[in-house]
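The form predicted on its own is given below as one chain in structure tokens.
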């Protein structure tokens, strides 16, 4: 489901408010040229994530799902000089493209890319006693969203903000009987957020250049 006017309005917002620079534009162009799937956040959504992290004063950010590093750049630019971002990516080719994009954007010194299955990387961070993160962005393979949420909570603290992307999927997430593993993963993710007494959460639908989708937003209460 898509309406051309949604893209027109997103383009207007991006031109008036986002004004992405050459490094961000090149990250999208190089990702497309390398054949990466066009599933990155839109420019205005990238700026939204950047503002959320800045408003929260995040110094440690965890991103689950790097892709070509476009959202990573937005989040890394929200960090203070001594901030740190850890991003997790399964595909080696994606890691290669993302590393080049981060270097060109001037944020590589703030970012650590961990290549491998995200659940394994999260478990290693937990085992290593990694310090809790202030802001966590979950945007990877949707069937594993419930696993990522449970592991991310072990890397959180009271006050940690958790954002989950793609929680509407054109409205398909409303279908409890869907046989799509991605839809079931998102539904379980939402339900776990709502049932966990440590979390206060909501979700909002969005429409725009990326179609009809949405974000889930939670804060760790304790």
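Numbering follows the first chain given and starts at 1. Quick caveat, the model's predicted, so the values are computed rather than measured.
The same protein has a further form, the form predicted in complex with a small molecule, not shown here; the description that follows concerns it.
Chemist: Name the residue from 50, 156, 40, 184 that puts a heavy atom within 4.5 Å of the small molecule in the predicted bound form.
Modeler: Of the candidates 50, 156, 40, 184, 40 is the one lying within 4.5 Å of the small molecule in the predicted bound form.
Chemist: Can you pick out, from 67, 167, 62, 58, the residue that has a heavy atom within 4.5 Å of the small molecule in the predicted bound form?
Modeler: That would be 67.
Chemist: Go through 40 to 48, 156 to 164, 173 to 181, 191 to 199 and give me the stretch that gets within 4.5 Å of the small molecule in the predicted bound form, heavy atoms only.
Modeler: In the other structure, the partner sits against 40 to 48.
Chemist: Under a 4.5 Å heavy atom criterion, is residue 140 part of the interface with the small molecule in the predicted bound form?
Modeler: Yes, contact at 4.5 Å.
Chemist: So, residue 148 and the small molecule: in the predicted bound form, are they within 4.5 Å at any heavy atom pair?
Modeler: Looking in the predicted bound form, residue contacts with the small molecule include residue 148, since a heavy atom lies within 4.5 Å.
Chemist: Should residue 96 be counted as a contact of the small molecule in the predicted bound form, where contact means heavy atoms within 4.5 Å?
Modeler: Output for residue 96 is no: heavy atoms all beyond 4.5 Å of the small molecule.
Chemist: How about residue 131: is it within 4.5 Å of the small molecule in the predicted bound form, going by heavy atoms?
Modeler: Because no heavy atom of residue 131 falls inside 4.5 Å of the small molecule in the predicted bound form, the answer is no.
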